[in-house]
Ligand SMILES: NC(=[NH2+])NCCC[C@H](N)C(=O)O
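Next comes just one chain, in structure tokens: the form predicted on its own.
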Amino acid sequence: MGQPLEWGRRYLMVQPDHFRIDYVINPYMSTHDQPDPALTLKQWESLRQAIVDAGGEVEVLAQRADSPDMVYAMNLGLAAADGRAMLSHMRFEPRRLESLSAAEWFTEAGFRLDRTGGEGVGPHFESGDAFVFGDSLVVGYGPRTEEAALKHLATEWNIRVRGLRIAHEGMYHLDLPFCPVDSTHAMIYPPAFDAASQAELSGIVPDPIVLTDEEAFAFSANSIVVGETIIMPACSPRLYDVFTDLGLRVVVLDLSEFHKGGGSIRCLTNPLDFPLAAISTPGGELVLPA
């Protein structure tokens, strides 16, 4: 059995005061299926409260009226426990205004800001593609994050980065097919990745919890672990048994309004406490699928 995750006790969330579907940038979105504002806020608040009840802390950032997707706070930037933050450089132009508010918040919160995009010029990086797991920062690339950004992450922060190429349009960020559960266990959905990356998964995840198609597309991997609690948007009886056997308390929440935008619990929560000491290496190291 693995040890509890060292991170996931402090989160940034964005209150959904302006959540709408104004455009389509993933297969789940439709401008004809708009979220209900009252139900959206109720579901968001239930998630915030569940994190607090599990012993976590939540910082709240106001949503820009011109940024309907800003509620998916996971993609605002990669934040480390040592006070560094790598601001996301969004692939799609409608989401780039979010970075203005994110940069201000990170700075005021005492983080030192870095950018892969260099004021908007450079490789795209979206922090929903990155997790500290094992001896590395595991980063998904392809649909949103560009491969060139991984080298930047490794050398800028002097850390080991392991890349996984995402090859499934319905799994466009790593937080959809990959979810760290403890130090050795992670939920994974292998069909989300190309063949070379699938082969690398066994070396990255010692104890994989392999999702079925049904579990993956119910957003099961878009979950978070807070202490001894795993908070999920869906949990099959099989997964429930797996997690309770690992000693976790399972909390299942309805986040259906946010599924209309292509995201769920992980997308709505940005961990602010990723530890870097265990993945540090002088000069940085990048490991890509063979």
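The first residue of the shown sequence is 1; numbering continues from there. All values derive from a computational prediction rather than experimental measurement.
Not pictured, yet referred to below: the form predicted in complex with the ligand.
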* **Open or blocked, once the ligand is placed by superposing site C-alphas in the predicted bound form (3+ ligand atoms within 2.4 Å of backbone or C-beta means blocked)** => open
* Asked: Any chance Leu47, Ala221 and Pro233 all have a heavy atom within 4.5 Å of the ligand in the predicted bound form?
  -> no
* Contact test in the predicted bound form: Leu276 vs the ligand, heavy atoms, 4.5 Å -> no
* Asked: Is Gly261 a contact residue for the ligand in the predicted bound form, using a 4.5 Å heavy atom cut-off?
  -> yes
* the ligand contact in the predicted bound form: Leu246, any heavy atom under 4.5 Å -> no
* Tell me, yes or no, whether Gly163 is in contact with the ligand in the predicted bound form, where a contact means a heavy atom of each within 4.5 Å. => no
* Please pick, from Phe125, Phe193, Phe178, Tyr172, the one residue with any non-hydrogen atom lying within 4.5 angstroms of the ligand in the predicted bound form. => Tyr172
* Asked: Among Leu253, Met29, Val250, Val60, which has at least one heavy atom within 4.5 Å of the ligand in the predicted bound form?
  -> Met29
* Asked: Just one stretch in 185 to 193, 72 to 80, 199 to 207, 107 to 115 has heavy atoms within 4.5 Å of the ligand in the predicted bound form, so which one is it?
  -> 72 to 80
